[in-house]
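Here you get one chain, nothing else, as structure tokens; it is the form predicted on its own.
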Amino acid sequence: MLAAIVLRRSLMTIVTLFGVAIVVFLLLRVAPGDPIAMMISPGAGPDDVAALRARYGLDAPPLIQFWIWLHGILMGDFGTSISLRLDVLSLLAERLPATLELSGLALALGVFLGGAIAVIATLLRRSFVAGLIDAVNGLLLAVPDFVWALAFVLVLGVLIPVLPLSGRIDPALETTFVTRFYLVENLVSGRLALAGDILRHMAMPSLALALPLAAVIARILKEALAEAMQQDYVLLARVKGFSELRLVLGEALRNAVGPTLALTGVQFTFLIGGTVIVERIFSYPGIGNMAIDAVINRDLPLIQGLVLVFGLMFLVVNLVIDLAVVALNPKLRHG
């Protein structure tokens, strides 16, 4: 069953990515602005412009351009960035690990905070604290991630400067890295001082991304827990004398995780999209920050590569979540 789902979703992923490639290619060609005109020097003549167009393949008909780009992708060649004059694939490989680590940390924080809020609200559902928790959760849900980012910059970066405002690691730290996954590499190698500095740089952007996600998880998990607490198996466990904490964590929680997990996957895709603005605010060197520069410079090859990477990340996350839901639900697994 799982193998059939993986095969079917993998084929759907390929088809979807092909559709994404067509849409982004067409949109960039009809959008106003000329990337060559933005990079050419003021004194350049028509021959210089024509040479640059030929160099980047922009002198060919759109259909030929699309075929050349698609064939290059299949061969592992995403083209050359117009603004940076570097290979697009190498730029993506350099920046993508930073965004993946930031998104992963934000997801972990969101799941932890959202789960804690839901469990505490369920345990205290008959007290006045439940209303206070709902109000706080509503605030977290109403404020978008970039507003949290600006608030953290003001409070924790300016008024009470306890965390670094920008970057991924302190430039004063002399070190070399084998991979671009700085946090994972330092944790695995036991360089905890460097890992701590990296975490300090990731604290504000990851928390800004995590808070809206935590609010959504808390709301859905709380509703699922409330429904699970009314089930017969929970009532039977209460008759046996189980404590309220054991009822929530040991009996209700495992059956409330399924619907929450499915929604978490959907929200995680929005979290990845939110990294674009949050990374810009904190000058974090990920693909989100690079995407804004690419759009400003109308760097067609880089924008196309970035959109494909974002699309692939969304599809992979959804595939993983679907498989996890099937694995946790016997009805789906054997259906």
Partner chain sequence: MRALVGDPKVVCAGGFLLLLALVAILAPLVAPHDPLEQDLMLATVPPAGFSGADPAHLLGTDGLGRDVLSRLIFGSRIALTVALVAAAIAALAGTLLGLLAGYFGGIIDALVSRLVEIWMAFPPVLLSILVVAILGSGIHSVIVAIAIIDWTRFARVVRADTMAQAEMDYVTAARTMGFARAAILFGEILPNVTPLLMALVSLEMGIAVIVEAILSFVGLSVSSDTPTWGGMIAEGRQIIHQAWWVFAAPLVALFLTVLAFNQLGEGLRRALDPVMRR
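Not measured: the values here are computed from a predicted model. Positions refer to the first chain, counted from 1.
FYI, the form predicted together with the partner chain isn't displayed, but the following is about it.
- Exactly one listed residue, out of 14, 316, 323, 23, brings a non-hydrogen atom to within 4.5 Å of the partner chain in the model of the complex: 23.
- Only one of 193, 147, 93, 86 lies close to the partner chain in the model of the complex, with a heavy atom inside 4.5 Å, and it is 147.
- Not displayed here, the partner chain is approached by residue 276 to within 4.5 Å at the level of heavy atoms in the model of the complex.
- Contact annotation for residue 64: none of its heavy atoms lies within 4.5 Å of the partner chain in the model of the complex.
- Using a 4.5 angstroms threshold between heavy atoms, residue 53 stays clear of the partner chain in the model of the complex.
- Interface membership of residue 60, defined by any non-hydrogen atom within 4.5 Å of the partner chain in the model of the complex, is ruled out.
- The chain is drawn here without the partner chain; in the model of the complex, the stretch among 180-188, 151-159, 115-123, 67-75 whose residues come within 4.5 Å of it by any heavy atom is 151-159.
- Each of 142, 165 and 292 places at least one heavy atom within 4.5 Å of the partner chain in the model of the complex.
- Of all the residues from 297-311, those having a non-hydrogen atom no more than 4.5 Å from the partner chain in the model of the complex are 298, 303, 307, 310, 311.
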